[in-house]
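This document contains two forms of one protein chain, each encoded as structure tokens and listed individually as structure 1 and structure 2.
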Structure 1
Amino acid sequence: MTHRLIVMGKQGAGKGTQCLRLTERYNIPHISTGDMLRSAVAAGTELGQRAKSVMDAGDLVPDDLMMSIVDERLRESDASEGFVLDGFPRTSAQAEWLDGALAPGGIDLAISIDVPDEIVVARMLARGREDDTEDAIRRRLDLYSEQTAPLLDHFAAAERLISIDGFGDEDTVEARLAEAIDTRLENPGGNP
């Protein structure tokens, strides 16, 4: 069985940690657009230079650029049996593009990891990335509310959304995720 998963949530909700655990559990690649963009910035590529100014301001990288990056990555052979997408889609246009790109089956599940804003801000400041200033973090949280949170409705309407409480230690959150995914994929019409 393939597992084509999207993991969503505010920045700092623990998506990256949980995505890595899901890749081990289901033997599928973790496709992190944030990691791909940070690597491009570090390497000084044209993409990296375009993305750096946008990321430093706490804004989202334009849809067309993100869609081309993801399209290229999903065409790699290791993604043919499934994947965990982290950081994509973040806008309605990206979600609609992804539906078309993965047609006819689409994604199996979109998973929202829910964590309160103040916990997210504290986590992100503690990890100390250069692009994690408090102003940039708050800007990304605002953008999430404006642009990304409506995607939850998109996936809920397609009956492919599950929400998980992301507060707790990593093992507890992973157990919640795995139980919800396994329950939903074994019983597609049911709820976890």
Structure 2
Amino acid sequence: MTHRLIVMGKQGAGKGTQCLRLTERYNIPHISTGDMLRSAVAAGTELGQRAKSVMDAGDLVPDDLMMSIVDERLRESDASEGFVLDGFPRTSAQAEWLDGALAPGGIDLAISIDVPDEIVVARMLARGREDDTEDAIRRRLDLYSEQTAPLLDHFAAAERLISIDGFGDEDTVEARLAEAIDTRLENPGGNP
């Protein structure tokens, strides 16, 4: 059984922690496009040079560049049985491209970790980083809803979306995720 997973969630939803737990549980690589871009910037590659100003401005790196990075990564042998994709797709064009790149099967599941805005804001403020002012946090949350809602619809239409309640401690949320994933992948035709 393959585990080709996409994990989506607002900043502060616990996405990073849960991605790591999934990589251990299913022995699959964590493919984070944000991490890949940050390493390219740190290494000063041509890609890094192109991406840096875009990332600094908080904008999205062009789709064609992102697709070629992800295409290359998905071809590596460790991704043949599955992966946890984190930060990709971020646009409808990327989502459509991914369907084609993984055809005929496509991804197995997209998982949305849902946490109410008020809880995310409280968590982020408690973390106390300088760029975590309430205004900045709310702006990122608005952007997430704007950019992500259509992607969730895309996966829901393909009956590949599960939504998980992200409220609770890390072990509790992990148990919810694992149960939902295992149930769905073992009964592909079944209802969520």
Ligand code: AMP
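Since this is a predicted model, take the numbers as computed values, not measurements. Only the largest set of C-alpha atoms that superpose within 1.5 Å between the two forms is called the rigid core. Residues are numbered by position in structure 1's sequence, first residue being 1.
Here are two forms of the same chain; which is the form predicted alone?
-> Note: form predicted alone is structure 1; the other is not.
Quick one: once the rigid core is lined up, does A126 have its C-alpha move by 2 Å or more between structures 1 and 2?
-> Indeed, A126 is displaced by 2 Å or more.
With both forms fit on the core, is the shift of the CA atom of P116 between structures 1 and 2 2 Å or larger?
-> Superposed on the core, P116 moves its C-alpha 2 Å or more between structures 1 and 2.
E146 C-alpha relocation of at least 2 Å between structures 1 and 2, rigid core basis | E146: C-alpha displaced by 2 Å or more between structures 1 and 2.
Once the rigid core is superposed, tell me how far the Cα of G12 moves between structures 1 and 2, in Å to one decimal.
-> Core-aligned C-alpha shift comes out at 3.5 Å.
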